[in-house]
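Before any questions on how it binds or moves, here is one chain, the form predicted on its own, in structure tokens.
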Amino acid sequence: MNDSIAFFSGFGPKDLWFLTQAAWQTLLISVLSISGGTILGIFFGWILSESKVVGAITVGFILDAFRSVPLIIQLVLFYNLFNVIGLAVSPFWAGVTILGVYTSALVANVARGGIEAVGAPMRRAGRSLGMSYLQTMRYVVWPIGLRAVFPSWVGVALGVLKDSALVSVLGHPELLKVARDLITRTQQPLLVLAVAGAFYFALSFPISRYAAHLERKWQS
């Protein structure tokens, strides 16, 4: 019975396993990009918030460029640039690097908003307790400010997870790339895309639910 269904649809257990492996690649790309991009983004957000002139002229301009240029153009442009300058970078690491920098550009504005959400009186209160500037940032500004913008960061993370599909243009076998290959072979676009969409949902839904749980926990 199962063999007849697989023959009729052209989509069998092996194809499902290929999509599962591709979903793992998508998750790996997303985790590495979001983690690295978040760290860089917090640092850039601090520069934008605390170093007004330098941030506006240098970092701000660069981040605006990454936010303004479509991600697919950045992927193709920088991947080919790597090859031109002689850097042997695999499609996987090229995708992680470019997507990570793109993520940092998005997180920078989120982090800046969180830092600026902590008012001067609260900072002065930390300094009055004998804290240094770095201690005030670590124990006062970051915990309060980043918690305030956590929902925005979750939105960025979910967006990057879906944007990771664009890494397929580099030829890396992530979820969308494998789905397209299977569509070409099986001629079953609706079925393959439905399964791929289910994988994306399975990756995204737990993140949004866990984030909502954390927000409720912090508010209680």
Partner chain sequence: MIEIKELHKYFGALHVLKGIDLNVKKGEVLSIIGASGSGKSTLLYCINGLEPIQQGEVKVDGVSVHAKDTDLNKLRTKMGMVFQQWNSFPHLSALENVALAPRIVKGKSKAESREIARAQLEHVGLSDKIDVYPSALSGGQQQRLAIARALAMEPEYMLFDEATSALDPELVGEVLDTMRLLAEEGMTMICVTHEMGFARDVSDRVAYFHQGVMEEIGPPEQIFGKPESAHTAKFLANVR
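All figures in this text were calculated on a predicted structure; none of them were measured in a lab. Numbering follows the first chain given and starts at 1.
As for the form predicted together with its partner chain, it is not shown, yet the points below apply to it.
Colleague: Counting any non-hydrogen atom inside 4.5 Å, which residue from G100, P91, G113, G126 sits next to its partner chain in the model of the complex?
Modeller: Flagged contact: G126.
Colleague: Test of understanding: in the model of the complex, would F150 fall inside 4.5 Å of its partner chain by heavy atoms?
Modeller: Answer no; every heavy atom of F150 is more than 4.5 Å from its partner chain in the model of the complex.
Colleague: Any chance I144 has a heavy atom within 4.5 Å of its partner chain in the model of the complex?
Modeller: Yes, I144 lies within 4.5 Å of its partner chain in the model of the complex.
Colleague: With a 4.5 Å heavy atom cut-off, would you call A105 a contact of its partner chain in the model of the complex?
Modeller: No - in the model of the complex, heavy atoms of A105 and its partner chain never come within 4.5 Å of each other.
Colleague: Is there a heavy atom of A117 lying 4.5 Å or less from a heavy atom of its partner chain in the model of the complex?
Modeller: The answer is no: A117 has no heavy atom within 4.5 Å of its partner chain.
Colleague: Within 128-147, which residues come within 4.5 Å of its partner chain in the model of the complex, counting heavy atoms only?
Modeller: Sequence-ordered list: S128, L129, G130, M131, S132, Q135, Y139, V140, P143, I144, R147.
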